[in-house]
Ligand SMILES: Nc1ncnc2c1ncn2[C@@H]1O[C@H](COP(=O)(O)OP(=O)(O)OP(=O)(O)O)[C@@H](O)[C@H]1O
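Just one chain follows, in the form predicted alone, and it is written as structure tokens.
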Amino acid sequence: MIEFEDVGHSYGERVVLTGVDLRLAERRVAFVGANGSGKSTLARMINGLVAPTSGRVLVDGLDPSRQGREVRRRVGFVFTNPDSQIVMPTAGEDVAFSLRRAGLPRRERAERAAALLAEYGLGGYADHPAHQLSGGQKQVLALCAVLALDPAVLVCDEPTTLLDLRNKRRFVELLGGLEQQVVLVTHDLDLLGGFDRVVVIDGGRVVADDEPEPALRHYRALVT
């Protein structure tokens, strides 16, 4: 359960979010809204990357602002640009790097990394230079590195922005098959048909919150 209780946020005098109240229990939730609407700020509060300036956020009863380490064990985060998350030379090393705190021998970390890559379509790429992968492959690699930590919640902040249509669809299909609760921030409205809930943010407020079809109809009317 992710809870936003009267959440507000400001950057100096610029108000980004106002009075957001949400309880997110569904398996697949999307945040949509125009650039600057506050949707990414809201998503980043889930794992404590941004702290609210008023109200509070809870993840399974834990406050990311005060219990950040515990929350980050439960919440994984995938950014727009996978290059900002890839830190090791090869794909296998990058996923294995996420497992370094598990206290596993190096060989076991490498084996687990290779198995995870294979599970998500990157079998045989463990020794491939990570930054020479295609854009779609890099985003899958970033996803695998996060999933290696076995989070309960996965927050994805516009992860399909840099991908072509084929890779966008494939990435969202991968999200659909995960056991984790997924919170997706996106502009790609056509990819949300299989989601349970869509929250529309405009001017820092929730203006629609429903199943995909009615919520997206409201959003399209809003922007036109």
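Predicted model only: the values in this text are computed from it and were never measured. Sequential numbering from 1, following the sequence displayed.
Not pictured, yet referred to below: the form predicted in complex with this ligand.
- In the predicted complex, this ligand sits within 4.5 Å of a heavy atom belonging to Ala34.
- Mapping the unseen interface onto this chain, Ala215 falls outside it, with no heavy atom inside 4.5 Å of this ligand in the predicted complex.
- Using a 4.5 angstroms threshold between heavy atoms, Gly38 counts as touching this ligand in the predicted complex.
- In the predicted complex, none of the heavy atoms of Asp188 sits within 4.5 Å of a heavy atom of this ligand.
- Proximity to this ligand in the predicted complex, taken as heavy atoms within 4.5 Å, picks out 39-47 from the listed stretches 39-47, 60-68, 191-199, 162-170.
- Of all the residues from 11-35, those having a non-hydrogen atom no more than 4.5 Å from this ligand in the predicted complex are Tyr11, Arg14, Val16, Ala34, Asn35.
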